[in-house]
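Shown here is one chain on its own, the form predicted on its own, set out as structure tokens.
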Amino acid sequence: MGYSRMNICVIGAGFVGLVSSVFFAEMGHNVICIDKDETKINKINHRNPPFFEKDLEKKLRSTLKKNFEASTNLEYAVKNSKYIFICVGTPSQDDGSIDLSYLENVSDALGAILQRLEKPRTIIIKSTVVPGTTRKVFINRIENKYNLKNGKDYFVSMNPEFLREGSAVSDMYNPDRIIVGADEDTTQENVLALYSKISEIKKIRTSIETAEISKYCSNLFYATLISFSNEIASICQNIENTEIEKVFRSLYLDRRLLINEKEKSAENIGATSYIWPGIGFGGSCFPKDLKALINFSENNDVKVPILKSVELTNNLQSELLISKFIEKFKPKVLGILGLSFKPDTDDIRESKSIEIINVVKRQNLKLLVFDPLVKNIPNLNENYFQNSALDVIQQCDALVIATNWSEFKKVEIFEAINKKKCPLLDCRLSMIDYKNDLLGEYFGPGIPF
């Protein structure tokens, strides 16, 4: 199928929506990105993304006011578009179930607009939703409330995203696969045509429900690897003379993992970046998706002990590590480097660094923190924030590296830690190759205290 310029509306200017918008604009389509948050839209229209993502600002500047615009006017965008992507949030509720209120609100708004249009539109859901949601919540809601029939008055597709924060732009432009679920073959083909400039990528045509569960399968596979790694690390922590890094690097050499033998560090972008001890996973996807699928399974009388164990291990990991560290060294001033849930992002949602901070605050220790991008945290006094990693190191008597930013591996950081000779809790084992060169005591997951 040849290339054709299409008019696209993207609902939601968050992480997925904005990255998707600039991608489709750079692919040559006309794109209108919609969000009800006027502050967010104003930032975008001034070429200032409301969150940090590598290369996003550059992509935004290359497309804005050419074939990309941001607006709060949903009806204007839908009327002037043939394809409507839904990229709204689906956070966790208190009981772990998925919060579909944003999707329901969009469904109502779209239903009311679609009633007034002569030609059908194709609705493409990118939001992560538990299996059955697209049909039972979105399609049924529009059909029952607005008397519009899927496959006639509008067409629906599920097109999950597989974007990692910190490398979302790269992932969007260089996907591993593109999955499109729809009831009609023509809808599948039409949606895939939007990606026609991406060649030699596996494109999977499937049912709506298969596309929905595929996203969870991917996220929770990697969440399981992380919790598995941390359970092994917990075992090793009680075994004298264990070299935790060699335990996992020997695993990397197992040909069944299909990992290149040269991949031997925790910074790899493949599976080995998940099979490595740490303080657990955070962010906007893994924790909420894990909660949602556990809740969904239990409501359908399906027992999921593995997924529940993954969640339990993840919930315990950070507090166990920091509590042991504080108990052993009894610091008066604790420094924490890294606040985002992972490097190369300013996202602190479900960040394990925040869990560590909460433990420290309960113990009434003096706290100093630094992150290259995160400059404020709700309920954390701004006096805790320092101007640099060196400022934290020079003032603390015990140090925690909670996020493995590359900035924290520079020579001057290593030298400052050595000069201070303070004990170091390396939560991601990012300095483990140099542990024998450190003058202070070195600890991390899997290393006996």
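Note that the structure is predicted; figures quoted are calculated from it, not measured. Sequential numbering from 1, following the sequence displayed.
We do not show the form predicted in complex with a small molecule, though everything after this point is about it.
The stretch in contact with the small molecule in the model of the complex, judged by heavy atoms within 4.5 Å, is 28 to 36, chosen from 417 to 425, 28 to 36, 57 to 65, 381 to 389. Between the small molecule and the residues F221, Y102, Y173, F228, the one pair within 4.5 Å by heavy atoms in the model of the complex involves Y102. Interface residue among L368, V247, V106, V137, judged by heavy atoms within 4.5 Å of the small molecule in the model of the complex: V106. Proximity of E165 to the small molecule in the model of the complex falls within the 4.5 Å heavy atom cutoff.
Contact annotation: V130 falls outside 4.5 Å of the small molecule in the model of the complex, judged by heavy atom distances. Within this chain, T122 is remote from the site of the small molecule in the model of the complex, having no heavy atom within 4.5 Å. Contact annotation: C285 falls within 4.5 Å of the small molecule in the model of the complex, judged by heavy atom distances.
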